[in-house]
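Take a look at this one chain, the form predicted on its own, written out in structure tokens.
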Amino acid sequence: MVTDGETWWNKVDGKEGKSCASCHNDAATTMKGVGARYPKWDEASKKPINIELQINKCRTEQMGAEPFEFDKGGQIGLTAYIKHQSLGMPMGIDLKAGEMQKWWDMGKETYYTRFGQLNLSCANCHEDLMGKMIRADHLSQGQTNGFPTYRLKDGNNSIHNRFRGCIRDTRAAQPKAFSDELMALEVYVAWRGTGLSVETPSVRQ
């Protein structure tokens, strides 16, 4: 995953004839700490953006390239490569920027809202039942510091893929990736991981 992302980092794409490295040079230096601070406030869109959306913003505005479709092309690999440069650094997003606190509030509401026919919230599994067994795996605390992650059952996984999968498993309709609902949830869950070390790429059951 990370090796694939490094390839995309150096790949020239778009009408401007640029790669990520054209602007940012050596990722080991310029991307160090970046993965620990996302999602962050984007003044242009008046919303928080994650690394995936920042990549697409750079592709369209700086490279003249097409944005990646959700979980396609180099999106997962490049996100993993950027976050990997912050390996071991503590997570810490800025809730004072823009309207991040408002989005945190929205995310918290989503985290504790019960979904679907099974009437389950994120908290029911990742707080109430954390550490107990679900099939052959232990329920985690639901942190984002290891995403993108490699799941033994289905390969590379992004955080919005995991959000959507959990909501699907409650037998509820899945929100679109990068929807306001899921971006708010990412803000809240990333904040819950404040101080945890970036572990990307992690491995999970």
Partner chain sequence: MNWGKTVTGLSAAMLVCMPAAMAEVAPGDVKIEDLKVAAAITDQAGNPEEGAKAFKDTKGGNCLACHANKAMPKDLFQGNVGPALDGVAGRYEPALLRAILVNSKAVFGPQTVMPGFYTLDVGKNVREESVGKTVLTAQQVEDIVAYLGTLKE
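Just so it is clear, the structure is predicted and the values come from calculations on it, not from any experiment. Positions refer to the first chain, counted from 1.
One more form of this protein, predicted together with the partner chain, exists but is not displayed; see below.
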Of A177, C58, A172, V34, the only residue with a heavy atom within 4.5 Å of the partner chain in the predicted bound form is A172
Which residue, I82, M100, L120, I93, has a heavy atom that falls within 4.5 Å of the partner chain in the predicted bound form? L120
Consider L129 of the chain shown here, and say whether it contacts the partner chain in the predicted bound form, taking contact as heavy atoms within 4.5 Å. yes
Report whether the minimum heavy atom distance between R114 and the partner chain in the predicted bound form is within 4.5 Å. yes
Would A136 sit within 4.5 Å of the partner chain in the predicted bound form, counting heavy atoms only? yes
Select, from the options 36 to 44, 164 to 172, 61 to 69, 148 to 156, the stretch whose residues sit within 4.5 angstroms of the partner chain in the predicted bound form by heavy atom distance. 164 to 172
